[in-house]
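In structure tokens, one chain follows: the form predicted on its own.
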Amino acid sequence: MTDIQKIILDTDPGIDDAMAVFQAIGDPKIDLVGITTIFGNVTVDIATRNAFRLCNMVGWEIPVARGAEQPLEWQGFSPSSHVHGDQGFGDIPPIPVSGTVIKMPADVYLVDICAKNPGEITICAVGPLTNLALALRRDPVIAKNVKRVVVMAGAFRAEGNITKFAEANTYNDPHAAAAVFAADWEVIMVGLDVTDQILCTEKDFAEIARIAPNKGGFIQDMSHFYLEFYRSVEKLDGCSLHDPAAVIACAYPEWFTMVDAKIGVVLQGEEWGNTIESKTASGTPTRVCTGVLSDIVKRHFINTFRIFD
């Protein structure tokens, strides 16, 4: 297969991040070459431990680089324990993991691997965009060396999910998001406009567990906590397929409808973290996902688990 995408997954596992990691490992059109961790759903230390746990489950040894502990310019961050549980995987308790983080911090690793593989690496970021912003600060040439950046971030025409205006990843570090959208690299924004159109239900998670009793059963076990949040807070009978959708967009962009728009990020007031179209914003126009073949994307996600167990 000639169109395999080499991906670095920047992630804060996290329930839907765990789904995204398994998607990246199992998808036949993706070569997951490394993971960078970030604060967000949990602290960066828990995110790093959880990344190793997921790799251990599938017997993978790939580079894992520890990323930023906090946002670039504000101190208001707190983990989303009410959504993902205190340890990130719902009610599932932590266990000892094996693996050692590489010596380079995440931003250095991103700069280094893109420089060594110019035009080949897609960075898929499904947490706050701090590591990417730090990489741009460290060496702006990464914008020329990376193939593209795909982010699960923002809301274009949709409402936010942490406030009326803002999606959680852009809310948790809007200054980093602003830097990423303002850079001269190709960015695909997989935001709430499309991820909220892909709803995974209790029945879907049961099917995943039947397909792959070990890995799929793990996803089903953590989904109970996640689905309860969606039932009690969002009043939905299912959860949005946020982070896996971004991974899928890396390899199957044809399943998404996109428009080109320059994106700005609100850095003050009640719209803090809002991603808005801005004709005066700098950088390459962002490819904003506005539509999705939701049934195809969800079916692909479920079927990916057939390679496991």
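A residue's number is simply how far along the shown sequence it sits, counting from 1. As the structure is a prediction and not an experimental result, all values here were calculated from the model.
Another form, the form predicted together with a small molecule, is not on view; read the next lines as being about it.
With the small molecule omitted here, the record of contacts in the predicted bound form names 238-246 of 251-259, 27-35, 54-62, 238-246, defined by a heavy atom within 4.5 Å. In summary, among the residues 152, 146, 176, 194, the only one with a non-hydrogen atom within 4.5 Å of the small molecule in the predicted bound form is 152. Contact annotation: residue 161 falls within 4.5 Å of the small molecule in the predicted bound form, judged by heavy atom distances. In the predicted bound form, the small molecule lies farther than 4.5 Å from every heavy atom of residue 131. Under a 4.5 angstroms non-hydrogen atom cutoff, the small molecule in the predicted bound form has residue 41 among its neighbouring residues. Heavy atoms of residue 168 reach within 4.5 Å of the small molecule in the predicted bound form, making it an interface residue.
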